[in-house]
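Shown next as structure tokens: one chain only, the form predicted on its own.
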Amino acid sequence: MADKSFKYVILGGGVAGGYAAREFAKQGVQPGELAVISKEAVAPYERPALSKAYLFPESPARLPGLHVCVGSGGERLLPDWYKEKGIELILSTEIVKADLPGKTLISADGKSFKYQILIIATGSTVIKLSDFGVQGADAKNIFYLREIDDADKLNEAIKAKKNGKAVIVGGGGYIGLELGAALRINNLDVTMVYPEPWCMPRLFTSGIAAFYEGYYANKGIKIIKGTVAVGFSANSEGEVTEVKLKDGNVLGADIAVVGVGGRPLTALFKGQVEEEKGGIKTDGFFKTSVPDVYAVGDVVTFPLKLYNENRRVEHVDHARKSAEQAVKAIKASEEGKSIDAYDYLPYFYSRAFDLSWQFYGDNVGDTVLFGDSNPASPKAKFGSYWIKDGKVVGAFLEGGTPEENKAVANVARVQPPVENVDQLAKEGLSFASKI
């Protein structure tokens, strides 16, 4: 079959791929110049919805409602949008070989795609328990959540196992906490299991975590900490019935959801491009070590200007912004212009039940907890500052208004000095408001 050739190819149809396509359209792209290649069967969509509104029992989010770029308040890019812009959307196509020196991608069915400029936006994949040989991990009704197909299968199981028992393995992370809430809203009996001493330990302090664990317990969710799943039992239909834990506990389960982390999809490029800290190394314009190859989103280790170090960030906000930056850099370079290097303020957020938190900056140094963090409060509002070398370097807020969230973001960016930590705890949110 004849090769297809494009000036630009975006490899990956996730959030970063969709936002890169929009930026190309904004910057001006000729019909036939750009292709987006995705192994998924649908146009790029806002992945974070899958662990939240997609699973709601009433008025659930569905395509086409969650196509990018609706997650950042932009226009929904429906499949017709790509046609109108002359962008070729190549779906259900898995690339199995990337020849970067030859500027060619080969798909599983033997098609080859040539490009002049490539943007790698392959994202992450979930880590599966079967990768570690966990006994019974291939039973039916054990779910992982990454793509819309996964969410559809989980939804069917939720309906089929009405009022049943759900166990979330690795429930202390992002996905675990969001899915714990979604399954409970669906009236399942939920148990969350995680090895750490408290939830979200990579970000939360024990004080922050105590609020969420208390809140979840008040919603009827059971939490078992300090242990892991070592095996699963199944019935004669092959469906999961039990989760066996390392501490000897055995939990009944009609559904098990596993959220033990992800890994960046970089295998196609191994040995062809420079890597660092588990990601593809780029500069502040998302250029890799290979000419005409850019990389964005989860797969990238990039210079975090604010802290003068290279980091890899797995979050939708960075996926969106890095994609836009790479396209602006490509277009500027073609026009002989220059743009500023990426200057990212790390940002993470989550929503579950009636809760909504945002974090900005760096979670290093000493911490100060402020506000009402009682999980029984009807409208808890609290936060934390991280202080390093006498300056506030990070800020977290639960239950903030848009203005308050903007204020804590500003604090993390400006890094104001702190003279008295006790005074800071007393001032709490008002400290951020005056910066």
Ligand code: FDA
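In case it trips you up, residue 1 is the first one in the sequence shown, and so on. Only a predicted model underlies this, so the values are computations on that prediction, with no experimental measurement involved.
Form predicted together with the ligand: not shown, discussed below.
Here the chain stands by itself, but in the predicted complex one stretch of 334 to 342, 233 to 241, 313 to 321, 283 to 291, 313 to 321, has heavy atoms within 4.5 Å of the ligand. None of the heavy atoms of D254 is located within 4.5 Å of the ligand in the predicted complex. Taking non-hydrogen atoms only, E147 approaches the ligand to within 4.5 angstroms in the predicted complex. Although the partner is absent from this view, Y349 contacts the ligand in the predicted complex, with a non-hydrogen atom inside 4.5 angstroms.
In the predicted complex, at least one heavy atom of K39 sits within 4.5 Å of the ligand. Contact with the ligand in the predicted complex, judged by any heavy atom within 4.5 Å, is made by just one of L50, V392, V368, L34: L50.
Residue L265 is the only one of L306, L265, A209, A139 with a heavy atom lying within 4.5 Å of the ligand in the predicted complex. Taken together, the three residues A121, I175 and D298 all come within 4.5 Å of the ligand in the predicted complex, as judged by their closest heavy atom. Of all the residues from 8 to 37, those having a non-hydrogen atom no more than 4.5 Å from the ligand in the predicted complex are L11, G12, G13, G14, V15, A16, G17, I37.
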